[in-house]
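Shown next as structure tokens: one chain only, the form predicted alone.
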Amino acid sequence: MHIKIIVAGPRGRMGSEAINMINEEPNFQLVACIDRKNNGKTLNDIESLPNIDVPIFENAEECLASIEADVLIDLTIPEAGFNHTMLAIKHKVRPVVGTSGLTNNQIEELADLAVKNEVGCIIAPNFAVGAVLMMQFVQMASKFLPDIEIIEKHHDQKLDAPSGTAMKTVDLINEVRPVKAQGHPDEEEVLPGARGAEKDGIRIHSVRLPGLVAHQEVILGGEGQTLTIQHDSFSRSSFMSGVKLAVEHVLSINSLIYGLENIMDFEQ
């Protein structure tokens, strides 16, 4: 039995990778796409996309109401991604969301709606398995080396800063160590922004340059030592194993899960 999937954002780099992944999985079937243009066309009408005869909709409501689907993969932008996810849950289509930049309030609203409708939903700031492991290792290390700075680097077309991965990393750190002030109490930025953004005392530095994909370096400092934990995605294909895992898992849940680590089996 095929898992029938709608992809939102098919022309984006992540969306096109997701379409390729779906085509390669014998149990997955692409049934429609949601795009901000090309309404009424099919995927094989778009020169840069695979030659697949599936319809494209500009209106997400119309797509979700008229197409029989099990899962929506959303890889768009925060505003569109939030609306698509809301609509999918209401139509009993299970969202797998890789759109970065959703607020905590938006995630809470989606979580309430998922429970109310008994529909599974998985939102992940990062679908790369190595990035999830990086965050888990940072959480472990932060118990012993609690002074931490984060450098996250992404391509120059990324809209949000800091990244969802950096924000999630801070949340995981805060689960195991108290929020603390770092650096000298009388520190002064000669040039505003020189020390980066601050979340719960942790400094986050965002780099945006062409040639980058998705990278995060976490530096933990202690007396006479530092520990650096780093993850690099050099291709968007690195995210697809996590997307596949989420698509398979979301069918078995009836609530919202935030973070890929919550469906990975670390006991093995």
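In case it trips you up, residue 1 is the first one in the sequence shown, and so on. This is a predicted model, so every value here is computed, not measured.
Below: the form predicted in complex with a small molecule, not depicted.
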Is it the case that T76, R236 and F239 all touch the small molecule in the model of the complex, with a non-hydrogen atom of each within 4.5 angstroms?
yes
Option from 143-151, 111-119, 96-104, 178-186 whose residues, in the model of the complex, bring a heavy atom within 4.5 Å of the small molecule:
96-104
Would A80 show up as a contact with the small molecule in the model of the complex if we use heavy atoms at 4.5 Å?
yes
Any chance N126 has a heavy atom within 4.5 Å of the small molecule in the model of the complex?
yes
Check whether M14 has any heavy atom within 4.5 Å of a heavy atom of the small molecule in the model of the complex, and answer yes or no.
yes
Might R208 be said to contact the small molecule in the model of the complex, defining contact as any heavy atom within 4.5 Å?
no
